[in-house]
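As structure tokens, one chain now follows by itself in the form predicted alone.
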């Protein structure tokens, strides 16, 4: 099959059914009725997001309602009143957090978000990120008309690969970014064809309809047509950009409906994982998960993981890979190339021609004699850490306050699992992926 035929076959997988649309309309009607009785002037409500623009995916219905407040309303009042309205119009609710708290709930069995924001004249005066959403909707609603299914195809393609969603746990492509790309390129297939040639220094200027490269750019830059100071792809992880580009090339070479269907990652058996844990040097720092939202938790886990990785590297333990995981508990995972050092390391000194530096080098008091090798002075020095596990423990003990506001104290009470102790890790599919065994996707 060619790409066009595959896309036709994929449409039933991504387009909502008549029954879903009927359920959505009934929930919207009831929700509007409740909002009309609750939201009073000078406040107003608007339906925004993928439901309002009809770009929502099959089996993924969620209605976003924004409560717009005048600019002069204090933030505390916006938050408290917004929560009161949200609680009043949904059947059941829970509080969630973005730029500020909002209500997530259900109406007639349909998931609903009630989000307060400011009604602004210009996106340049936003007080929080959600204030841009009405401007995004206005810019998109006419331009996306007739291209709704193209957006659905792109979202489904990304979701099947595990890279749909800008939240920090995923750091993939947001729904807004998907819609902008379809507006820019015209169709799903054109997005795929062009993305196959993207590089990390690619810049897409949506408003000016330009694409170019910018030296030293670390990852894709997509300029927000609503606010040119903002990169819509700011949360996109470089590895997820790479995954997308490689998938686009694969789709062009061999189009298939399989690209729109999520593949279940099956963990190898414990019997398959155990020999790897026995012969490799793997550690997991296990600690209690703090009660905070994911978008606050994951950046802290990433920071702590990076600091420990760099510490292991500076002390010569050759970290091969590191990652983090949050389930019932939190974990920082490390595989190192060196488990244990000899007690001594070599310190490089100056070549014999360098008179001044030699004097300083020889003047220092040392336990071991300085020696010459290949025309250069060298000295032995005692290692501070000879065992990788001890280095991890030390780094946590000394640096926990800088590893994350909410996880630092918990890390101080952490437990370090080593080797075969990881067979009790709570997600063996993730562990297998970290170890690069089985058919799990790369972490």
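Numbering follows the first chain given and starts at 1. Definition used throughout: the rigid core is the maximal C-alpha set that superposes within 1.5 Å between two forms. Because the structure is a prediction, the values reported are computed rather than measured.
Missing here is the form predicted together with a further copy of the same chain; even so, the following discussion is about that form.
- Only one of 153-161, 353-361, 95-103, 222-230 places residue heavy atoms within 4.5 angstroms of a further copy of the same chain in the predicted bound form, namely 353-361.
- Think of it this way: in the predicted bound form, a further copy of the same chain has a heavy atom of just one of 339, 303, 87, 127 within 4.5 Å, and the residue is 339.
- Taking a 4.5 Å heavy atom cutoff to a further copy of the same chain in the predicted bound form, the contact residue among 383, 34, 46, 389 is 383.
- With respect to a further copy of the same chain in the predicted bound form, the three residues 249, 343 and 438 uniformly fall within 4.5 angstroms at the level of their nearest heavy atom.
- a further copy of the same chain is not drawn, but in the predicted bound form it has no heavy atom within 4.5 Å of residue 212.
- Within 4.5 Å of any heavy atom of a further copy of the same chain in the predicted bound form lies no heavy atom of residue 73.
- Mapping the unseen interface onto this chain, residue 370 counts among the residues with a heavy atom inside 4.5 Å of a further copy of the same chain in the predicted bound form.
- For the chain shown alone, residue 113 is not a contact residue for a further copy of the same chain in the predicted bound form, no non-hydrogen atom being within 4.5 angstroms.
- Taking a further copy of the same chain as it sits in the predicted bound form, the stretch 280-309 comes within 4.5 angstroms of it through a non-hydrogen atom at 280, 281.
- Taking the rigid core as fixed, one finds a CA shift for residue 366 of 2 Å or more between the shown form and the other one.
- Core-superposed comparison between the shown form and the other one: the Cα of residue 400 travels less than 2 Å.
- When the rigid core is held fixed, the Cα atom of residue 70 travels less than 2 angstroms between the shown form and the other one.
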